[in-house]
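Heads up, the chain shows up twice below as structure tokens, two forms, tagged structure 1 and structure 2.
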Structure 1
């Protein structure tokens, strides 16, 4: 489905439920709340949901939504920034599997929704969502523009990652011209750290592993480390890119133990297809950033991953 067709479809709907993916990041939340803002301004009843606790740093988005969110029976379900229903928490997984519309930018999208808008060339899903909102005829006010800017900067690493395009910069300029406090948003997402996050980062770096002639760096974060530092899942988001930032490292890996005991594996790469590696284990993502979830012993998972990465680095 094209952006124009999706917008035309949305104009006909009401009682709309927007589903965002578990372990929420700035792009899925930015998309969800930007679309909520646009549809609400058109007089629709809309609600954004997520199965997990949303990190406090996104409170400028959800605090407004919480004041006006209403209970209703969904008549139309939208999934945003979700390549597969497996990326949604169990409370909303079945609804996601039967979504009426999916708006996404992952080339690995499984086309599970009844209608799908996918543009893998877009650096962030918020870039697509901007076009959808434009077609809805809604002005980009401060709230909507801040939500879209959030997704744009978080999925491009503040324009440092290889997925960044000219269109990404042009959209940033447009959003900045609306008068949003873009400096504060950049500070929140790329400079501000809680004490617990800093303590967790210290532990993670101190226990980092290097392999394959130091071309691969692996960070392991256990539940014990989370409890010791008082960190919350949102604190891990900024730690994931650290391994890749080390000179000579081509693949940075972060293994985070979830409360269920399973492990969330995140890859950040230079000139290596992270999505292709993660696809071998049922995951996906983008060329330079991808992930998957699995169970098992951490040492076994590391061995499995290193063997897969070794084949690519050859």
Structure 2
């Protein structure tokens, strides 16, 4: 379905439920709240739902929504930034599976919804949502533009990541022109770190291993380190890229002990096929970023993994 068709369909609806994915990030929330803002301006009853607690840093989005929340029986269900219903928390999974419309930017979208708008070329789903809102004829006011900017920066690492496009920059320029406080949004999402996250990062770096002529760096994060610093699982995401970021390192590994005691191994590589290495251990992913889960002693896992990496680096 095209953006134009989706907007035409949306214009005919009321009592609309917008589903966002679990472990909510800036793009799913930005899409959800931007669309909520646009449809509310058109006088519709709309609600955004998520199965999880939404991190406090998004309060500028959810507090406005929650303040004006209304109860109604949903007649039209929209899934935003959701490639498959499995990515939605249990309470909304069935609703998502039967969604009337899905707006997404994942090439892996399983086309589960009745109608789907998908553009895998878009760095963020918010770039597609901007086109939908334009077609709805709603002006990008401060709230809507802030929501869209949130998805744009969080999914592109504030224009640093490889998925950034010319269109991402053009949208940034347009959103900045609406007068939003983009500096504060950059600060919230890219400058601010929790103390526990910083302390976990410090411990992780202090105990980092280097091997194969410093071409491989390995970070190990145990449950004890998580408890000691008070870090939450979300804090680990920011740590995964550190090992590869060191000059000369071609393969960065992060071994993270899960609550079950199992280990989650994440590889980030530079000019080395991470997915091929992880496939040997039943995992997968992309060329530059892949992972797998396993059990065992961390030293054994490292030895096994380093042997596999050695073959590739030869």
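Numbering follows the first chain given and starts at 1. Here the structure is a predicted model, which means the values were calculated and not measured. Whichever C-alpha set is largest while still superposing within 1.5 Å between the two forms counts as the rigid core.
Remark: the form predicted together with a further copy of the same chain is the source of structure 2; structure 1 originates elsewhere.
In the core-superposed comparison between structure 1 and structure 2, residue 306 has its Cα shifted by at least 2 Å.
Once the cores line up, the CA of residue 235 ends up 2 angstroms or more apart between structure 1 and structure 2. Two rigid parts move between structure 1 and structure 2, and the turn of the smaller against the larger, rounded to whole degrees, is 19°. Look at residue 200: with the core superposed, its C-alpha moves 3.8 Å between structure 1 and structure 2.
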